[in-house]
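Just one chain follows, in the form predicted alone, and it is written as structure tokens.
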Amino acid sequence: MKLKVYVDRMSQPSRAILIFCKVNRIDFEEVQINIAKGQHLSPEFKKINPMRQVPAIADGKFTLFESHAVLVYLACAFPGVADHWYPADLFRRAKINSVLDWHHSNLRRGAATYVLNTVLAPVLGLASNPQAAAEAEKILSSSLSKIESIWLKGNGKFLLGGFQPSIADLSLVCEIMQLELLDENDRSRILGPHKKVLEWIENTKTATRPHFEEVHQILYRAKTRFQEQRSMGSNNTTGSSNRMTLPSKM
């Protein structure tokens, strides 16, 4: 049976899974789970992922969720996946695993919380939390600095000194891409000081072309809508609500 990949393209880890499958020519069926419409709460999807989150996969009768676990499985289970994505070398794998473990409690915590409390809350009609945003920005900036000083040191173009990307590069870059939704001044303030990070993002885009840009089109469209929404908000003198429906959960 063909691999089924359950995703919402507005989800950072969902995009990483899709790009990986496309780059490695894995034959799969994309099953769209629109979180904004509550499709992740359906009894059918609960059978695939009882946590009711995306991404998830079904490979025949085998189901799996949590994006990093899925990336590892895909890299190991499907023939033809290049070794650099998740090397056979045990030490190299351990290093990649350490980056992935670090990601969820650092980079993702900072980026996701900051975007929520700066971009998404106003758009969704929710109350912003400036204190949470400020704390998240500190975590995010610290995480970007650590990426540069620890994992991007050396002559390699990718994490851990690699000259080709791993699943860790793909996961972390897709996370950082969520910052595209920010106001340009905020994005420049946060990412601007991190030249190595910016180069690494471009290297990852190039290494996964054209799939990276194709999968991120939904994010770019959302960015345009958010910019329009902010412009409307600044010109709105009637006090009416500018609430906007997202195509999916971030």
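Heads up: residue numbers just count along the shown sequence, starting at 1. Because the structure is a prediction, the values reported are computed rather than measured.
The same protein has a further form, the form predicted in complex with another copy of the chain, not shown here; the description that follows concerns it.
Contact annotation: of the candidates 193, 210, 50, 38, the single residue with a non-hydrogen atom within 4.5 angstroms of another copy of the chain in the predicted complex is 50. Proximity to another copy of the chain in the predicted complex holds for none of 138, 180 and 226, with the criterion being a heavy atom within 4.5 Å. Between 213 to 221, 24 to 32, 56 to 64, 182 to 190, the stretch whose residues reach within 4.5 angstroms of another copy of the chain in the predicted complex through a non-hydrogen atom is 56 to 64. In the predicted complex, residue 128 stays away from another copy of the chain, with no heavy atom inside 4.5 Å. When another copy of the chain is considered in the predicted complex, residue 69 lines it closely, a heavy atom lying within 4.5 Å. Taking non-hydrogen atoms only, residue 77 approaches another copy of the chain to within 4.5 angstroms in the predicted complex.
In the predicted complex, none of the heavy atoms of residue 84 sits within 4.5 Å of a heavy atom of another copy of the chain. Shown here without another copy of the chain, the chain has 77, 90, 91, 94, 95, 97 in 77 to 97 lying with a heavy atom within 4.5 Å of that partner in the predicted complex.
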